[in-house]
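Shown below, as structure tokens, is a lone chain in the form predicted alone; questions about how it binds or moves come after it.
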Amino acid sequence: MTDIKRRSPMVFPQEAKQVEKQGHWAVVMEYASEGEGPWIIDLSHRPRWDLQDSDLSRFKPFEIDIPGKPGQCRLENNVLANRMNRTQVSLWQLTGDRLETPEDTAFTSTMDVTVCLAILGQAVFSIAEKLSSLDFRDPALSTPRLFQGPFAHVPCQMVIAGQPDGMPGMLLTCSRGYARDMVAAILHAGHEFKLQPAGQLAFDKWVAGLA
């Protein structure tokens, strides 16, 4: 049987130091030179789902209580639940062993049609304000918080989160077809801040600090 190989639509020119096979994906765990941040991290290999139903109250996906209001997010069991509107929630598994898509027809895997990435570090808001007019720093909003709208002129879902020690981060998904242009735009916006690619290990460490 031919071994299936999945490829991320995101490509960085930097040399990988450690690569690990996860499912059918070759995942960069660490790059040869990552620096101290800010970082851009490819998360396209992590499972993601869209849950739609007229009555979301009957669901508790992956033992997570779905947030009650649009824009609210909840991170539990390594899965981030983002309430999009009255009938829809997006679910992103950030770390841990790969979960399977629930059998209920209300769930749809979005891995094959979207790209997912993270921007981490103190400069994340300075980078983001070059690419979107959304107010990611609104002090009235608690984090993690979901934003929906244009980023680099592309319709996106964006979640702002941060650690107690003050390292903020943005998680972003958009249509897979925009991957190359999105990466180019973010790297260009982050050039003055020395934005560099980092691997899954840096992201896992950041997520662990959110708990």
Partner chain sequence: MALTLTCPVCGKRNGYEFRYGGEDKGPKPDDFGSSPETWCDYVHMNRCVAGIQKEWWCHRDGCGVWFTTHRDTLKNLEME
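Residue numbers count along the first chain shown, from 1. For clarity, every value in this text was computed on a predicted model and none was experimentally measured.
Beyond what is shown, the protein has a form predicted together with its partner chain; the following relates to that form.
The shortest heavy atom separation between Gly149 and its partner chain in the model of the complex is within 4.5 Å.
Mapping the unseen interface onto this chain, Met111 falls outside it, with no heavy atom inside 4.5 Å of its partner chain in the model of the complex.
Taking the partner from the other structure, its partner chain in the model of the complex has a heavy atom within 4.5 Å of a heavy atom of Asn85. Proximity of Pro155 to its partner chain in the model of the complex falls within the 4.5 Å heavy atom cutoff. In summary, among the residues Leu99, Leu134, Leu131, Leu75, the only one with a non-hydrogen atom within 4.5 Å of its partner chain in the model of the complex is Leu134. Stretch 141-149 is the contacting one of 141-149, 168-176, 23-31, 41-49, since its residues have non-hydrogen atoms within 4.5 Å of its partner chain in the model of the complex.
Interface residues of 50-75, taken as those with a heavy atom within 4.5 Å of its partner chain in the model of the complex (partner not displayed), are limited to Pro70.
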